[in-house]
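Coming up is one lone chain in structure tokens, specifically the form predicted alone.
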Amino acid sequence: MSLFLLNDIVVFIFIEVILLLLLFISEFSVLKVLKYWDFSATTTFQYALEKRNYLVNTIIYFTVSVKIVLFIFFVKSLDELSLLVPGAMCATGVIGANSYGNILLLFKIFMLFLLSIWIIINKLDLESKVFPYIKEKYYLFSFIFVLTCIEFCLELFYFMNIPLSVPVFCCSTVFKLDNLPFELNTSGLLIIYYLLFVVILISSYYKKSIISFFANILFLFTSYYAVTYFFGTYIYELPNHKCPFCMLQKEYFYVGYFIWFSLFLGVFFGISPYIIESITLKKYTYLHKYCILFTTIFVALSTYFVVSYYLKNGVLL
């Protein structure tokens, strides 16, 4: 049996092909705009470029938005594939079924950041009548287009090499030991976790973009380990169940989606001011308040399960 016979995978690949074709068509117009754009000109050719810019911009915006939504579908499909891949209990076994899985997942998360950055720059460009960032956003789009082609190839290699007859490792095996970085123990990890949270709140409140940028990158790294090896055990209420994916399942009321996406949004709005300010050479301080909002939601959600468990049972796991 081939995974390409499964409805979810067929639909996913079909949508990816359509989006790739739309991006490919758009790239031709983007290259023309980058080469010939001169907003000060009053020629017929410049007017035609401006009309083409509106059309292409709409196509790209639609495609980028669908790509972001498609990431959720991809994660959901991985979870459903765990019912078919031998040995897999959740998306952990599926994503680790071959050497392409983890690379593809990290690549997609990186793409999410880039796509979201493009949406913000595009919004800022359209808000002005003179399109001040048109070349910056289209250079970024061209880079995204190249990465999208690479991403699609990775998807094909990944789905073509998922074994359906050989057992894979489940999450209980992959996360059996506390493989914390830098030989940290759980207490040390949590201290760093909450300290970084405080740094993010302070740097965002005072609009210190560069401090927020580095603090959020460290926080993303730290939060993955904190949720996987500590907070997640209180979601499952099992001290030995350590997995970043099982919390996405309906048995846990899909709480993982709220946890991971609040983390993503918090980190994104924490690092994006520095990136966007570097591109546009202007400050957009309103982004910092979203960093405070979503990071606080993420930390509150994570902490809630520990506090709730302790109040109900009088002990910690």
Partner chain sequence: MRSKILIRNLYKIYNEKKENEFFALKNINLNIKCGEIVIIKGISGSGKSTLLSLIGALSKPSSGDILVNEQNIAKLPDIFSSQYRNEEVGFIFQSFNLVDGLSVYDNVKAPLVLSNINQDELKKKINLALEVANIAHKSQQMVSNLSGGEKQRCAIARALVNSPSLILADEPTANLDKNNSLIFVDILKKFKQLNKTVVVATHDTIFDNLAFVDTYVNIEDGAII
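Numbering follows the first chain given and starts at 1. Keep in mind the model is a prediction, meaning the values are calculated, not measured.
The form predicted together with the partner chain is left out here; the points below concern that form.
Figure note: of the listed segments 271 to 279, 250 to 258, 286 to 294, 48 to 56, the one touching the partner chain in the predicted bound form, with heavy atoms no more than 4.5 Å away, is 48 to 56. Though the partner chain is absent from this view, in the predicted bound form it lies within 4.5 Å of a heavy atom of just one residue from Ser128, Thr186, Thr173, Asn161, which is Ser128. Shown alone here, Ala41 lies within 4.5 Å of the partner chain in the predicted bound form, counting heavy atoms only.
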